[in-house]
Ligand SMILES: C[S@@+](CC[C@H](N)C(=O)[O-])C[C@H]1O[C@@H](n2cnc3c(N)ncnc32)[C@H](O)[C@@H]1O
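Take a look at this single chain in structure tokens; it is the form predicted alone.
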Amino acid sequence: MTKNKISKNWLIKKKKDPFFKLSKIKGFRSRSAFKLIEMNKKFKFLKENSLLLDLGSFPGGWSQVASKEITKGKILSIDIKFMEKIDKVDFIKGDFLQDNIFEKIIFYFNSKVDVVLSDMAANTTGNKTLDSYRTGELCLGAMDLATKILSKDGVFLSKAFMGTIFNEINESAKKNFRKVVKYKPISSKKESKEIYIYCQGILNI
């Protein structure tokens, strides 16, 4: 199958996707906004005064949802891609794994953080096993950062893919958090191996 035909088929599927259509109607920048809305309804972790860090925030769907719930707190979004401005959200362009970005995060909040979100996925290569592993590495990196900056009862929520690295993610979560829940939102595509890991309460803080 040619690259053009693959792209055309992808666009057709996207346009038929009810969550993609609804995201346009609601003014969300991505369909993934509905995943966060659903998970917040289930776990109730976005509070009006929350201090929240959104990793891999581009194009801004999750930051949009957070900004509607957090009215008295602070939201910082980070991505290697430039993200258009969202009201009540501050943005830093850069790689969260770099030391200078970590320092900027610490300076921005100047206190422990309530929520760390990560909806990051590695750029696809066509090799699903490799893509899953690389996204898992991003999840582990985000988790490591979260354990350093979260408050005692803080929440870490991240995308992952079921695959060879997921056991390592799950074990690391159990070592670092009191509560660990694996969850697949309704708006997550059925055929996708995508899953979210919800972690709350830092251990050994």
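Just count from 1 along the sequence shown to find any residue number. A quick note: this is a predicted structure, and the numbers were derived from the prediction, not measured.
Below: the form predicted in complex with the named molecule, not depicted.
In short, of 105 to 113, 124 to 132, 88 to 96, 67 to 75 it is 88 to 96 that has heavy atoms within 4.5 Å of the named molecule in the predicted bound form. The closest non-hydrogen atom of Gly60 lies within 4.5 Å of the named molecule in the predicted bound form. With a 4.5 Å cutoff on heavy atoms, Ser32 counts as touching the named molecule in the predicted bound form. In the predicted bound form, the named molecule sits within 4.5 Å of a heavy atom of Gly56. The shortest heavy atom separation between Leu138 and the named molecule in the predicted bound form is within 4.5 Å. Contact residues in stretch 99 to 135 (any heavy atom within 4.5 Å of the named molecule, taken in the predicted bound form) are Asp119, Met120, Ala121.
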